[in-house]
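Heads up, the chain below is alone and in the form predicted on its own; it's given as structure tokens.
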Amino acid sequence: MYRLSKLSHAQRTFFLAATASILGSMIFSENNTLATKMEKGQLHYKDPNAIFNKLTSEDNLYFKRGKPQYPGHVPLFLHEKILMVLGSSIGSYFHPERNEFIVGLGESTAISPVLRSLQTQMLSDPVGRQLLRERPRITSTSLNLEYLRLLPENSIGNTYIKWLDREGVSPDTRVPVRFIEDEELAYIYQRYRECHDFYHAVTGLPIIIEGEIAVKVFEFMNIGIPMSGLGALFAPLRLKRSQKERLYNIYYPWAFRSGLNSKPLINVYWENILTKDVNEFRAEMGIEQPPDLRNLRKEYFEKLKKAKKV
């Protein structure tokens, strides 16, 4: 092969012209191809933001928010659930009077295994299956509160309405469940939430802090909702000595005993037994009525007042 330097001037000129022509043809052809792809929208290039866009895309498995499973449902990421547990726990401890903290703590700690256990319990009982099939709601309209006032004095319905009137509350204050994923499990928790006042009524416990704690312990031993157990564990820490003594000596033993011995409260179709005698119901369920908390508090303050006068 000849070196380029050995070629004559005419040969070198021809060689360089031919090379330039070939290279120009290749570049022109490549440009035409790129232009054609660009025109057809087929031109792709590496986007430096591709990784970021992938992480925030709705198609990304880890960052995609689930679809609502029922009206009002708010799907949450795992980190949001953890933050809700922490925030509502702190809020409930320092401000137990604020319902939003209690609601958030209840739903964020109502883990699926516990609710699945309640679901199994309901499915194994004919009344529980009826509740899941019919899904009744407890409201002032569904219960017809005026009708309850006409029922016999010792009936469940009349006992319930008298308790509502005495405590100044309404069944309409129970907010809808929003943060539990499964639609049927959400209803089970909603049912538990709306039946809470019936537990108060049949036990006679008021909504003052000691009464709420006692009912929560009773619920936890019978139904197993985690928030009830957390309330029993941490709520007494902020109480006065006299309140703790009443809880630990009287109402905790009662709640443990009645909660464990009574039949499952989650399977009670309250709307269908409003005319039933409340004492007969307690006996059938195995619920022992605790001492009257308001009377115990009244007696305590009277003794305290007399002691100060001496």
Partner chain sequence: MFGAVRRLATAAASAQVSRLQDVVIVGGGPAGLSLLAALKSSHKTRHLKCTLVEGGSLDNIRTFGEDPPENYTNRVVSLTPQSVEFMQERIGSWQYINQDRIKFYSSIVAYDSQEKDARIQFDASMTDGNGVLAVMCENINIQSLLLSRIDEIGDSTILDNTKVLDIVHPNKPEINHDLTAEPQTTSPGLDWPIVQLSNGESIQTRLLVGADGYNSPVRKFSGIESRGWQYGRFGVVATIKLQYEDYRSIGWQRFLTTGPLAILPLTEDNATIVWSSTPELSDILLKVTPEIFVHLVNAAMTLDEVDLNYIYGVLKKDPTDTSVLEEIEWRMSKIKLSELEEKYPLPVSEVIDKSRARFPLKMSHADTYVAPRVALIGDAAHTIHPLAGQGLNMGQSDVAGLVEALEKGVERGMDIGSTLVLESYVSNTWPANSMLLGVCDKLHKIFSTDFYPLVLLRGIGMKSLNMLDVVKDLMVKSMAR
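Numbering follows the first chain given and starts at 1. In this text the structure is predicted, and so the values were computed from the model without any measurement.
What comes next is about the form predicted together with its partner chain, which does not appear here.
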*Report yes if all three of N154, K162 and R166 come within 4.5 Å of its partner chain in the model of the complex by some heavy atom, otherwise no.*
no
_Among the candidate stretches 87-95, 116-124, 220-228, 198-206, which one is within 4.5 Å of its partner chain in the model of the complex when only heavy atoms are counted?_
116-124
_Just checking whether L132 would be counted as a contact of its partner chain in the model of the complex - the rule being heavy atoms within 4.5 angstroms._
yes
_E184, heavy atom within 4.5 angstroms of its partner chain in the model of the complex_ = yes
